[in-house]
Every structure is written in structure tokens, then in C-alpha cells.
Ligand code: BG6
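Have a look below at one chain only, the form predicted alone, in C-alpha cells format.
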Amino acid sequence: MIKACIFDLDGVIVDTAKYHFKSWRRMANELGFDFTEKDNEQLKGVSRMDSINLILGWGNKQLSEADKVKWASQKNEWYLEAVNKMTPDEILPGVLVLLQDLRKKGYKIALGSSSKNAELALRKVRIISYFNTIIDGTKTTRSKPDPQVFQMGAQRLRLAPEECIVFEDAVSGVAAALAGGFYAVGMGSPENLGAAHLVLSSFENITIESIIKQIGA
């Protein structure tokens, strides 16, 4: 029986992924190379330091650990400049209605994100009050596809994985949910997220009952 929903942040609740892309790309450009939005898909659900290692690999650049930390910090400053300007208008279609419906029907709601700025984003778009617990990059030690972030969320809610649905837009996030024994709903393209129990293009006109029915929970 489903008792909770665990949401990733970027690309599921809000589109902060575009701010990550712009900030990482600005870093790459200042280091003398570039990468594409398609490349950026590989960074979804990946921690900050793992992301910088991937990007440097694309540009055949080598940096000292100290310089990696410096650039990661600079990238985060650029990203925070954008996040601090966010408004409720940036909540993705259908999300707010679903959160309201879940709360009304007694489902628990958690966030499971690798972002270290998840709470700030939720405050800026004014939906933090809907979440019973928030697990983000400040609380985890392992990145997706490791299921740690979702396992910690379920533990905080005092629920078993099979009582929770995870909503993810990244291949690594779907893999993490499945590895942890959760139901996985991919948000995006079936081509990329076909391993999930269900793939949705958006939350518009979607109810928790229809999701539970389609995943066979």
C-alpha cells in the first residue's frame, strides 16, 4: 500500500537544471572548452564534485583537487544567483495541484535530491511547507544511482521502500529508486527512463490514484 511520495527536485518540481547547465557551462567556457545540453543530461542526479570530474573529462582538462573545489564553489555562486531570483511561477505544471491533493489525502511527502541548495529553492517557490522531510546533498554521502537519498527519506518517514513512489527525471535517479526497492516514476522521455515502472511527460491532469493504478501498487 502506497503511503508516501518522494520527489527529486531538479526537472521534477522545478526546472533548476537549466541553472545548473548555465553555471557549469560558464565554468567550462572560462576553462577554455564547451559542452552541450545533451552532455548535460549525464549530470542529472550527480553530485557537485562528481559533476566537475565528468565535465573536466569532456574537456580533457586536469585540475588539482584544490582547484576543483574552487571552481565547484564558483559554479555554486553563479547557480545561487539564479536560484535566489526564483518565484512560484517556476513550479512545473501540475506539481502544486498534486502536492495539495497528496496532503489532503494523508500521503506523506519527501524530497530526495542531490542538490545542496534544495531547501533554498523550495523556499523561493514557496512550497517547502508541503514536505514532511527533506533529504538533500548536505545530508548524504553517496550519489545516485546509489539509493541512499531515497532510503534516508523512507527512514525519516518510517516507511518501507515498497510503500513509497519515487519521482525522478534522471536515469541515475530511476536506477537509484529501483536499486532501493522503491516504485519509480520517470518524469520525461520513455526513451531515457524506460526502466521506471511508469513514465509521465508531466504532472498535468495526473492524480495519485491513477499513478498507483498504472504502476500496479
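The numbering used is simple: start at 1 and walk along the sequence shown. Predicted model only: the values in this text are computed from it and were never measured.
Only in words, not in the display: the form predicted in complex with this ligand, which the text now covers.
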Quiz item: So in the model of the complex, does any heavy atom of residue 43 sit within 4.5 Å of this ligand?
Solution: yes
Quiz item: Even though this ligand is not shown here, does residue 133 get within 4.5 Å of it in the model of the complex, heavy atoms only?
Solution: no
Quiz item: Is there a non-hydrogen atom of residue 117 within 4.5 angstroms of a non-hydrogen atom of this ligand in the model of the complex?
Solution: yes
Self-check item: this ligand contact in the model of the complex: residue 203, any heavy atom under 4.5 Å
Solution: no
Quiz item: Heavy atoms within 4.5 Å of this ligand in the model of the complex: which stretch among 73-81, 123-131, 90-98, 103-111?
Solution: 73-81
Quiz item: Heavy atom within 4.5 Å of this ligand in the model of the complex: which residues of 1-18 qualify?
Solution: 8, 10
